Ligand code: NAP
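A single chain comes next, written as structure tokens; it is the form predicted on its own.
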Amino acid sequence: MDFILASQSKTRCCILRNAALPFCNISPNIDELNIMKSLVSEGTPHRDIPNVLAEFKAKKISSKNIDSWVLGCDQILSLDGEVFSKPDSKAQLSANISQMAGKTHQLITANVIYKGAKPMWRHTAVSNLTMHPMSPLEVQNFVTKFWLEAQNSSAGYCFEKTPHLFSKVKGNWFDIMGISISQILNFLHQNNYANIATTPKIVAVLGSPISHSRSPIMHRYWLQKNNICGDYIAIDTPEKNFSNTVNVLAEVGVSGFNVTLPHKEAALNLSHSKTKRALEIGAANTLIVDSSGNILADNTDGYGFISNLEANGGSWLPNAGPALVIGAGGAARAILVSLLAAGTPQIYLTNRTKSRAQNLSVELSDKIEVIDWDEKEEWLSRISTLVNTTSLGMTGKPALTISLKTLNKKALVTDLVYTPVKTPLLTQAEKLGFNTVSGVGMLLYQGVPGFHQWFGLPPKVDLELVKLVSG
């Protein structure tokens, strides 16, 4: 193998794969902790410590692989003159986080490349991260949730999972992850090696909860299918930290975001510019960060909804008759706007909190009539399209309580929920012989415009992807 990573780090391996750089990885098996302790006791400047460790790794592997380029990397956390090591217990992690809370620390990342047992290149990056103040209870909750990941993190907080912990960050995503990939590739390109490899673009989906999201499956499929260097990750983001988290991630180089519950309205408000459809809907599910750090807000939910019904709804036509939309949240806004734009002549809207539906109808159109939640079944015989936009029926949530026995026999039933793919509502509709469309297609089609904006290529929704996301 021409390029070797002297590390077993899953994060560094993932970044190299996402950059399309062929490599193998070999563990150098050095006693990092004792070497670091020795360097600290000798008064070694903190900036030099990761350099020494990275060089130990690269030199050891290079001595046995003379013809290969060998990359050694290391990272330390420095705060108030102290070097933090990987936590070896929950108590140590708790103490470290408590000490970092409310303060600015440095992550020092060193990269060294050897060839022929000789150093050929080195690079050091210093990132400054300011953590929000944290109460003892918040620290305890963090330790409980992230202990398994923290054991393998030099910082102890797994930034890729916890950017909400930080009020300000000055640095680069990849430096923070522990490998300065852009500088590494620049060096290799200058030496006529790995000319195809490119610094990956990073995009994230933000929500809370987010574990159910299948967006990473979809976007990673498109990235691999189209040989694009990049990655798409899911980050659970508390509502109170949403805006600051977006700004922090944009600052470190994340190219864009999908946004799901409960952040869609906040996403629109924090953007620097907004598309027409995002303004009409009053919420955003897609954010694009330009080279200057400015954020464009878009909403592709309506596009995805209509595209899904057109592709999978058989002979469905939006203007065939009225629609009944269940729910009045951010997703409902997109559905209402898209149905009206597609020519649906009348929409009946119902929500458990009737006042929210009433406010929405007044804001959007006089073609929207609000009906009582408990009377929704009385309107089923009049409609051609039934849409559930609530979370009822989602895995872990109660089912939507409704009988479809009086539904117009030619009506189409669709559910925005896609976990499970067949919700109780769709199962009931299928048993009664109605045309049904799952929410998976909407997920896929709404992702197309965002992927195009972030990665520069319009992806295709194909059967392989449908099966992958539905599985």
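Take the two forms, superpose them, and find the largest set of C-alpha atoms that agree within 1.5 Å; that set is the rigid core. One rule holds for the numbers: they count along the sequence shown, beginning at 1. As the structure is a computational prediction, the values presented were derived from the model and not from experiment.
Note that the form predicted together with this ligand isn't included here; everything after this is about it.
At the 4.5 Å threshold, heavy atoms of G230 stay clear of this ligand in the model of the complex, well away from it. Using a 4.5 Å cutoff between non-hydrogen atoms, L270 does not count as a contact of this ligand in the model of the complex. Within 4.5 Å of any heavy atom of this ligand in the model of the complex lies no heavy atom of V325. Using a 4.5 angstroms threshold between heavy atoms, F84 stays clear of this ligand in the model of the complex. This chain lacks the partner; the member of V370, L392, V169, A283 within 4.5 angstroms of this ligand in the model of the complex by a non-hydrogen atom is L392. The single contact residue among K118, R352, K240, K276, judged by any heavy atom lying within 4.5 Å of this ligand in the model of the complex, is R352. For a residue to qualify, one of its non-hydrogen atoms must sit within 4.5 Å of this ligand in the model of the complex; none of W316, V387 and A411 qualifies. Heavy atoms within 4.5 Å of this ligand in the model of the complex are found in exactly one of 232-240, 140-148, 122-130, 327-335, that being 327-335.
Taking a 4.5 Å heavy atom cutoff to this ligand in the model of the complex, the contacting residues in 415-443 are L416, V417, Y418, G439, M442, L443. Core-superposed comparison between the shown form and the other one: the C-alpha position of G327 differs by no less than 2 Å. The two forms, fitted on the rigid core, differ between the shown form and the other one by 2 Å or more at the CA of S391.
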